[in-house]
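As structure tokens, one chain now follows by itself in the form predicted alone.
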Amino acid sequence: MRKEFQILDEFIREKGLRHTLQREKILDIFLATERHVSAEELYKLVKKRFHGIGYTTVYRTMKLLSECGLCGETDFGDGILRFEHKYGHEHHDHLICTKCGRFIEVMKPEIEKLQDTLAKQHSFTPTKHKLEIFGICRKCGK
């Protein structure tokens, strides 16, 4: 069994929820999707293979995956909540174009170090963070 399925199973048991085949199928399809995906987009992917799974089940399962640390949630300024892989993936930040909606994943150790330094200077213990910079991409800026 993949580690992600074990994490979800343990989390569900701790919460007193039932283990369902539907949740497993949704997690499997999500893990096969290496991109930021909305609940609606994931629902369409799930629906192609498993007709009996509804949108609400997909959305609630994604919320569980977020709560247990398997995925992260982000809104690129368009009001659509998207989910991305978190477990086993490096932390990264986003540059988001406000014209076309394109986003670029970026990782700079210097930024992470600066954030740690700022937190330490203010006796602040961070539990999570995200950096999203909104602007105009190269293509739209021409």
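Only the largest set of C-alpha atoms that superpose within 1.5 Å between the two forms is called the rigid core. Remember, it's a predicted structure, so these values are computed and weren't measured experimentally. Residues carry their position along the shown sequence, with the first being 1.
Missing here is the form predicted in complex with a further copy of the same chain; even so, the following discussion is about that form.
Asks: Would C137 count as touching a further copy of the same chain in the predicted bound form under a 4.5 Å heavy atom rule?
Replies: Contact with a further copy of the same chain, yes.
Asks: Although the partner isn't part of this model, could you tell me whether E34 comes within 4.5 Å of a further copy of the same chain in the predicted bound form, counting any heavy atom of the residue?
Replies: Contact with a further copy of the same chain, no.
Asks: Decide whether H89 counts as a contact residue for a further copy of the same chain in the predicted bound form under a heavy atom distance cut-off of 4.5 Å.
Replies: H89: no contact with a further copy of the same chain in the predicted bound form.
Asks: Within 4.5 Å, heavy atoms only: does L21 come near a further copy of the same chain in the predicted bound form?
Replies: No - in the predicted bound form, heavy atoms of L21 and a further copy of the same chain never come within 4.5 Å of each other.
Asks: With a further copy of the same chain left out here, work out from 99 to 107, 23 to 31, 46 to 54, 64 to 72 which stretch has heavy atoms within 4.5 Å of it in the predicted bound form.
Replies: Of the stretches listed, the one contacting the partner is 99 to 107.
Asks: At 4.5 angstroms, heavy atoms only, are L114, H122 and K130 all close to a further copy of the same chain in the predicted bound form?
Replies: Judged in the predicted bound form, L114, H122 and K130 all sit within 4.5 Å of a further copy of the same chain.
Asks: Determine, after fitting the two forms on their core, whether A32 shows a C-alpha shift of 2 Å or more between this form and the one not shown.
Replies: Shift of 2 Å or more: no.
Asks: Is L95 one of the residues whose Cα moves 2 Å or more between this form and the one not shown, with the core superposed?
Replies: For L95, whose C-alpha is compared between this form and the one not shown after core superposition, the shift is 2 Å or more.
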